[in-house]
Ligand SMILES: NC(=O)c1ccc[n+]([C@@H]2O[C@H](COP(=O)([O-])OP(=O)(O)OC[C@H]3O[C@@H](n4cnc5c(N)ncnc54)[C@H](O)[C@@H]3O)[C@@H](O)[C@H]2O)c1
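A single chain comes next, written as structure tokens; it is the form predicted alone.
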């Protein structure tokens, strides 16, 4: 990001810098009027005409930029709901169905203000260094490990995701896989496709009365618990924190306790150093003879060579994998040893379900994710709200209204060092601060303040003074 410069600059250049700091129009002559901000997307998600009209009467436009100057890049086939929310604001929205190689991504990201991705696009420090206008990233998925969150925070770039919208879809997939594994349906289907009739009941089971062991009892794990219990399964779970059980489920004190008792083991944990290969040779040895493993969390949590060995030894009767340590960036004939050295061996195993990371790939989940992340991006661009951000402090103020015509919203993202608030309040001291909120997270702090009785020249002066502070990461002023 550009460093602070001398505040004694020509007014035309200062106006250019005001617009640029917003990550918005880079033209000093760009108009400052635009469409409505806080209510424009509501119509896209089911608001009634009356509620939209009421919001239009109450809300003040907070965007000192030409809406059409906002450049948004959406990759990896982001759902139509999210695209509609952003397009309804009048933003320039470029949409691609695939991810991009790093060099192409760098070229594309240089002039965009907002980027939306899913799980395949890697926003590394090398990529983000080139994103001079970028103010916010939308991850239209659960995870954010594909983004260098610290680099983004250190440069004032907010990151939003949708951690819960596809929980039901993943839980339902796991339920389906439990039944398919118990009845060996994958093998029977493949045999029939090859013309072989093989009607057997040996080692095919009902799931009623069996024990499901859930590792990670968060939003997905707890929903899965309810569904499994409704099917007559006994549910136990292991988590690093004590969590209230759903229904008659029971928390066990250790992972080993769960593995020794469960007929089906399913993983729902984040990708962390402590979850790396948490299912390895030792853990497979602790599982019941003839049990099953399901992983729909992250590919790094299962030692797959150890899984292959346990399957060949008969220790486990079947497995279902939806995630892998290395995954292709697009669809095609990529699942072989060039991608993961054990891929060909894995494909030869009996009673194993291999799916291409489709746990959250339902129309309902992708629609909900599009709405949640799309709305968060609009709120951040138009109003500065960081509610739901994963790498910045969560700060929010109520929206300004048309009854506050001479107000401005000051957003100052800065290094979390002593004395900053005093200096900022000295700059704002000549103005009435109607409301103010600040919070910090690690090395970064986020301040938002609404001030009254300001005009365009005052706003430019405030901006220049805030930019001159040594603590400055990014300054935005919305009015």
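What you see is a predicted model, and the numbers here were worked out from it, not measured in a lab. Positions refer to the first chain, counted from 1.
Although not depicted, the form predicted together with the ligand is the subject of the following passage.
Novice: Specify the contacting stretch among 267-275, 334-342, 192-200, 380-388, defined as having any heavy atom within 4.5 Å of the ligand in the predicted complex.
Specialist: Looking at the other structure, the answer is 267-275.
Novice: Looking at 213, 221, 370, 318 here, can you tell me which has any non-hydrogen atom within 4.5 angstroms of the ligand in the predicted complex?
Specialist: Filtering the options by heavy-atom distance leaves 221.
Novice: So which of 298, 122, 132, 183 gets a non-hydrogen atom within 4.5 Å of the ligand in the predicted complex?
Specialist: Here the answer is residue option 298.
Novice: Is residue 324 one of the residues lying within 4.5 Å of the ligand in the predicted complex, judged by heavy atom distances?
Specialist: No, residue 324 sits far enough from the ligand in the predicted complex that none of its heavy atoms falls within 4.5 Å.
Novice: Does residue 354 make contact with the ligand in the predicted complex, using a 4.5 Å heavy atom cut-off?
Specialist: The answer is no: residue 354 has no heavy atom within 4.5 Å of the ligand.
Novice: Applying a 4.5 Å heavy atom distance criterion, does residue 303 contact the ligand in the predicted complex?
Specialist: Residue-level check for residue 303: no, no contact with the ligand.
Novice: For residue 393, is any heavy atom within 4.5 Å of the ligand in the predicted complex, or not?
Specialist: Residue 393: no contact with the ligand in the predicted complex.
Novice: Pull the contact list for 220-240: residues with a heavy atom within 4.5 Å of the ligand in the predicted complex, in sequence order.
Specialist: The stretch 220-240, when checked against the ligand in the predicted complex, contributes 220, 221, 238, 239, 240 at the 4.5 Å heavy-atom cut-off.
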